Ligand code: HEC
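Take a look at this single chain, the form predicted on its own, given in structure tokens.
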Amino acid sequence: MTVRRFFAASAGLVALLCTTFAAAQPNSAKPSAPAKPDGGALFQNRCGYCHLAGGTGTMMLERRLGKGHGLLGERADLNADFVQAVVRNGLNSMPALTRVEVSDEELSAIGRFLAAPKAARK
């Protein structure tokens, strides 16, 4: 192999490696912020079994607080901090839920959803 052929082959290999390396680099653009969890969907999925129409939680709340206070999604008197405290610590028939069952981020979204004015939830 002549010196000329050796350098030509080496240059081709270097060009191939540079192209491959450049393609493997992550995009230098800033990553987009993760989407905030949808509190309404989380409420349906995580809490709905008990707290939608016909659920045990709904019936127990109506017994304790009276008609119109059972469906959490329709109440206007809830605030996010109270919802989060009840979920983490439990209250009466409501068991405490761990961060494995509902993460802090998910619980914050659920609390914001339940505390939002009803018109904003739809």
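One-based numbering along the sequence shown. Every value quoted in this text rests on a predicted model; they were computed, and no experiment measured them.
Missing here is the form predicted in complex with this ligand; even so, the following discussion is about that form.
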In the predicted complex, does A109 have a heavy atom within 4.5 Å of this ligand? no
Please check if G40 has a heavy atom lying within 4.5 Å of any heavy atom of this ligand in the predicted complex. no
With a cut-off of 4.5 Å between heavy atoms, is P95 one of the residues that contacts this ligand in the predicted complex? yes
Spell out, yes or no, whether the shortest heavy atom distance between A53 and this ligand in the predicted complex is within 4.5 Å. no
Since the partner is left out here, which residues of 57-71 would have a heavy atom within 4.5 Å of this ligand in the predicted complex? G57, M60, L61, R64, L65
